[in-house]
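One chain follows as structure tokens, the form predicted on its own.
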């Protein structure tokens, strides 16, 4: 970990990630953003910081997050992983680069969480889950034990995925939805039990 972190994205997600970075001990926090007034520069200014800073992409859109993190990695950037000190993460959990684990989140033993994910405030990922890359598990969502979530999905606020299921890549699970069967077709799923939106 370096003393400086450059956060790509100066919106709400960026400010939350900056707070985590501060609590983790980063002494200097800069934003790069193409439109925000509080940014130190544009996203394409990142090369000037490659030698002396870690980087983190704090943008809610998973496909944009993937594109920017990949660009940074291909150009030699050191990608941070941000874990709030008030998150509970079991000792054996594996967490990939560029993932943020917010305050109050819980990740239980045997779980693995891939790259570029957002495990948002008070979300929980239970034992032996497999979370792919560039997902967003939103505020208060509950992922029960032994669930597999594939890449590029969004699990909405307060949604629940019950145990032993899988959700294929590219799905959006609506806020408050309850997934009671494995999902094998990309799409948007709403309701209790969750059904594919037409």
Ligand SMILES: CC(C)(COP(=O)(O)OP(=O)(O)OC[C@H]1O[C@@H](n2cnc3c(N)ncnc32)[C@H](O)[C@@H]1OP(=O)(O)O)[C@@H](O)C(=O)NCCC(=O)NCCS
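Residue numbers count along the first chain shown, from 1. Note that the structure is a prediction, hence the values are computed from the model and not measured.
Absent from the display: the form predicted together with this ligand. The rest refers to it.
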{"property": "Of 78, 99, 108, 120, the one that lies within 4.5 Å of this ligand in the predicted bound form (heavy atoms)", "result": "120"}
{"property": "Sole residue of 139, 148, 36, 144 within 4.5 Å of this ligand in the predicted bound form, by heavy atom", "result": "139"}
{"property": "Candidate stretches 59-67, 148-156, 23-31, 43-51 - the one whose heavy atoms come within 4.5 Å of this ligand in the predicted bound form", "result": "148-156"}
{"property": "Touches this ligand in the predicted bound form: residue 188 (any heavy atom, 4.5 Å)", "result": "yes"}
{"property": "4.5 Å heavy atom contact, residue 172 to this ligand in the predicted bound form", "result": "yes"}
